[in-house]
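The chain that follows stands alone, in the form predicted on its own, written as structure tokens.
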């Protein structure tokens, strides 16, 4: 990968993020990005721009429900798209810092 990352794979410089970088990180996570993924990537990037923090799972679900509707604003939907720890994986792909409240 051309962009510097920490030992967990998060970008060390948030300005290194671009859509091709996101696709590279997603591939490393075993995820093929679809429009559903991009909607959530844009959502968390907007959240970060607004609050200067990566959303943990609860705020992520709440924001997704507000902006994308109840069928997308739930943990199961997020887990299906971003297996494991959706808030962490999503932040990583979106080029954001690791959410602080995520294990």
Partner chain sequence: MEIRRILYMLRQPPYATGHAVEALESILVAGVFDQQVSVLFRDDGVWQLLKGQNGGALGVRTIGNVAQALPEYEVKDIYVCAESLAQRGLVVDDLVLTAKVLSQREQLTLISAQHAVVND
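In this text, all values refer to a predicted model and were calculated from it rather than measured experimentally. Numbering follows the first chain given and starts at 1.
Note that the form predicted together with its partner chain isn't included here; everything after this is about it.
The shortest heavy atom separation between residue 73 and its partner chain in the predicted bound form exceeds 4.5 Å.
In the predicted bound form, residue 33 stays away from its partner chain, with no heavy atom inside 4.5 Å.
Looking at residue 56, you'd find a heavy atom of it within 4.5 angstroms of its partner chain in the predicted bound form. Mapping the unseen interface onto this chain, residue 77 falls outside it, with no heavy atom inside 4.5 Å of its partner chain in the predicted bound form. At a distance of at most 4.5 angstroms from its partner chain in the predicted bound form, none of the three residues 17, 37 and 46 contributes a non-hydrogen atom. Counting a residue when any of its non-hydrogen atoms is within 4.5 Å of its partner chain in the predicted bound form, there are no hits in 9 to 46.
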